[in-house]
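Just the one chain here, the form predicted alone, laid out as structure tokens.
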Amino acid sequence: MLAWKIGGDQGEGIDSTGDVLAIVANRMGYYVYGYKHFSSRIKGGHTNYKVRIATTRVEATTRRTDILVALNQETIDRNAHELDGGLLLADSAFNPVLPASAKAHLLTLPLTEIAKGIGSAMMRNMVAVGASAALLQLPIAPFVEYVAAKFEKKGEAIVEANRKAVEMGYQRIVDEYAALLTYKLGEPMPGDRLVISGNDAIALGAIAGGCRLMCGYPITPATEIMESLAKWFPLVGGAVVQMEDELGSMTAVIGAGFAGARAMTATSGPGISLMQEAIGLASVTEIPAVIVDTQRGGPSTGMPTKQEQSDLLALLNGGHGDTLRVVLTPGSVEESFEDAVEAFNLAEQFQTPVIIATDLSLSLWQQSVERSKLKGPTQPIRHGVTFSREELLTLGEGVFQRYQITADGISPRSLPGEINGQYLATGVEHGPSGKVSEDPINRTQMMNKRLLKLQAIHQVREGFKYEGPEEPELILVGIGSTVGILREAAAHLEAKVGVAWFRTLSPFPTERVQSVLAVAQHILVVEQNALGQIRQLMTVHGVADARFDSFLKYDGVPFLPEEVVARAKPLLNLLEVY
């Protein structure tokens, strides 16, 4: 396994360079994971892109960098400490200086000069791609083929110039630094894999789940969901509507759900705050709606481009009044796809808003995923309990009760326009017919009905998952992008260590959590927020005890597997160095 990184000024094509390396390596049969550090601005400021390349699945970034490509001195100053004997390739145009404390081999190439000689300094990144392929000892042919396909629509001259840039970067490394070409990846693992982010997986899952309308407002890091659906929806007859704000987005989704359409919105923390009253409206009127929250650093504007998992309590309790919302927490790209499919089934089956809580790392960072894991639902679409037109005709006018009391709390619904159906849906407390009622007995019955119906979700969905030994010394607990980090950490701990993660945060899967954690000697809850929100929830629901410890991080940077290993070892009394 090797880690490659490129850094420079934001807006100089750093992302596209990293994407080329990741996509080509994936096509060659390697697993990849890409992590991007970028500022909350369009252009300027330092940015870097790290790609891990491996012969086995990788779901996390790491502290070490083996090869660093620097397009300016700031990249060296900020990142050279990650190179412990690694290679630093710098553009000689800025007269690179290696810090005295750095343990690295400095290689220089006139990347900008080579690119200008070919026709444009903008092709410096393609020169860097070729040089990187040589340093990684990967064959050049797949890179040339990819570049040809990527620039095909721009004409033969552009294709030829970029091909030449890749080849010249590759050859200059071979000619000048052959003695340093010691890195060697293992044999690739052939397979049919995509390089995909959690946002794209959610967009694909929404389509597979029957969603045909997305109403949203751009916000980092959720915007890619809207952009991807805007590209793909025309293929299936769907539509994306950019609304005036987040409140308008949420109410439009509620209107579509009331009419019988499968609709969604996607936002981040600030947008969730604006949507809370409307989410409450969907709850009390029992209208299906799907909301994606891609968590980022808060509060307020906070850190829009940084990792955090601090919206959890707001997602569960942010609205006024007593309501239960379904909150799903996928722990991988594959689970992001699965939950996007299932969210629409749950929303209609239980007639309620369903929130998918991801985080910035899971949403944005691309990784290798088996294509077979993204091929649609394994079970048919579930629309929930509805009255057919024939059944409504037999009832007669004014007989149908949209909110009738039932044993499971779920009332059959009709759609607007159906004869003898129910047209009224009000946010004011109402009786079985939908008409406003503040009668104390009715209020209690309606509240109990809404709270009761969601408990059955645990019968159709496993809310807490576990993998590891049957009698673990330690269980690492997390959600979202931390799950892959915990897996890697567990693999490096020479002990019986398991990994558990929440798939449903609300309603809380109390019995399942108790069952899984009962056999563990120690439990470490790993989460990216300052208040220990998952640990709080576990305490409130009576599943936390003296075996529990917390590991919190809220600096905007994802956990590293090495950090989790270091924190877990005292609990296991281990002394080995990771």
Partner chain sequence: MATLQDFRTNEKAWWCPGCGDFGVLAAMQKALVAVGANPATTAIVAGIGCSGKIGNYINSYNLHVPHGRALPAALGIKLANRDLMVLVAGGDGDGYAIGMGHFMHSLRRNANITYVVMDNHVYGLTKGQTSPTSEEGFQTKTSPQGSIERPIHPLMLAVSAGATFVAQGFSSWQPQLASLIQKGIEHPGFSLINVISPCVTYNKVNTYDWYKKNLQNLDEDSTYQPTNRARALARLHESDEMVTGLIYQEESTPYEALIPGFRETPLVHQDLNVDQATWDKILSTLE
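Worth saying up front: this structure is predicted, and the values here are computed from it rather than measured. Numbering follows the first chain given and starts at 1.
The same protein has a further form, the form predicted in complex with its partner chain, not shown here; the description that follows concerns it.
- Residue-level contacts in the predicted complex: of 237, 396, 99, 85, one residue has a heavy atom within 4.5 Å of its partner chain, and it is 237.
- Proximity to its partner chain in the predicted complex, defined as a heavy atom within 4.5 Å, singles out one entry of 458, 105, 389, 465, which is 389.
- With its partner chain left out of view, the stretch that reaches within 4.5 Å of it through heavy atoms in the predicted complex is, among 309-317, 238-246, 503-511, 473-481, 238-246.
- Taking the partner from elsewhere, residue 421 is found to have a heavy atom lying within 4.5 Å of its partner chain in the predicted complex.
- Looking at residue 428, you'd find a heavy atom of it within 4.5 angstroms of its partner chain in the predicted complex.
- Contact check for residue 154: every heavy atom lies farther than 4.5 Å from its partner chain in the predicted complex.
- Among residues of the shown chain, residue 178 is not one whose heavy atoms approach its partner chain to within 4.5 Å in the predicted complex.
- Contact residues in stretch 186-207 (any heavy atom within 4.5 Å of its partner chain, taken in the predicted complex) are 194, 195, 196, 200, 204, 207.
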